[in-house]
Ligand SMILES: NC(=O)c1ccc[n+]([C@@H]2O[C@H](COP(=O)([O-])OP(=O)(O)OC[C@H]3O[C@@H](n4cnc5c(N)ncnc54)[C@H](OP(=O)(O)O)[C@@H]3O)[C@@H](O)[C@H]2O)c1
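The chain below stands alone and is given in structure tokens; this is the form predicted on its own.
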């Protein structure tokens, strides 16, 4: 099998870490991390891994990361954008700076890094880890939903417009068991703890996130789909992972008023359970 060169963001845990474990032995992998403590552990996985620091809330680190990758190689076969975060809470309460952070991490950072690497992605692939949230608005995580839809829209335009024969794939998982759920509870605690008009809803949101961290599909299911898309000569534009993601894709085609009523009913039903 031909040795390939990958760039993976969000590689320190969850889907990214599982993917690294699968491909690093036989390929060159530039592995992005945000927490400085992960550099050593990433290097220990394989000598084929080149860790790089990147924090999408700090634009200068995107330039440094791209410069580092460009200094080390002349060709990237596949760029896999995994890094992400979840901003949650009622729309009326979320600070605008937090909404902007959501888009910096889930959209603009990926777009900026991808653009800086386009010259060495000729005839290559960009695989984005989107979400079933891209199909519609789920209550109290609207910044996350909007960011994933925006991610898909920007990169689909890139697919249509680019003249470098770069293929773009969107992978939309449903509920996956990753540390992202626990992190989202910590990062959004100020909204969960200070929503006097939404106490029951926030309690349910926290409980659901805690359950999802362990009851979701294995990250290996997402890795399987990533590798399937990467190996395909003509990959699909979009892949769903999990039955819930498939159902979300079907529901998204219904009239918006019907979807809204369905979501309201579903939320009330689940909160009573």
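These numbers come from a predicted model, not from an experiment. Numbering follows the first chain given and starts at 1.
Unshown form predicted together with the ligand; subsequent notes refer to it.
By the criterion of a heavy atom within 4.5 Å, residue 124 is excluded from the residues contacting the ligand in the model of the complex. Heavy atoms of residue 79 never reach within 4.5 Å of the ligand in the model of the complex, leaving it off the interface.
Within 4.5 Å of some heavy atom of the ligand in the model of the complex lies at least one heavy atom of residue 173.
Mapping the unseen interface onto this chain, residue 39 falls outside it, with no heavy atom inside 4.5 Å of the ligand in the model of the complex. Listed residues 47, 35, 218, 207 were compared with the ligand in the model of the complex; 35 is the one with a heavy atom within 4.5 Å. 83 is the sole member of 107, 88, 83, 168 with a non-hydrogen atom lying within 4.5 angstroms of the ligand in the model of the complex. Stretch 52-60 is the contacting one of 39-47, 65-73, 231-239, 52-60, since its residues have non-hydrogen atoms within 4.5 Å of the ligand in the model of the complex. Residues 144, 148 are the members of 142-165 with a non-hydrogen atom no more than 4.5 angstroms from the ligand in the model of the complex.
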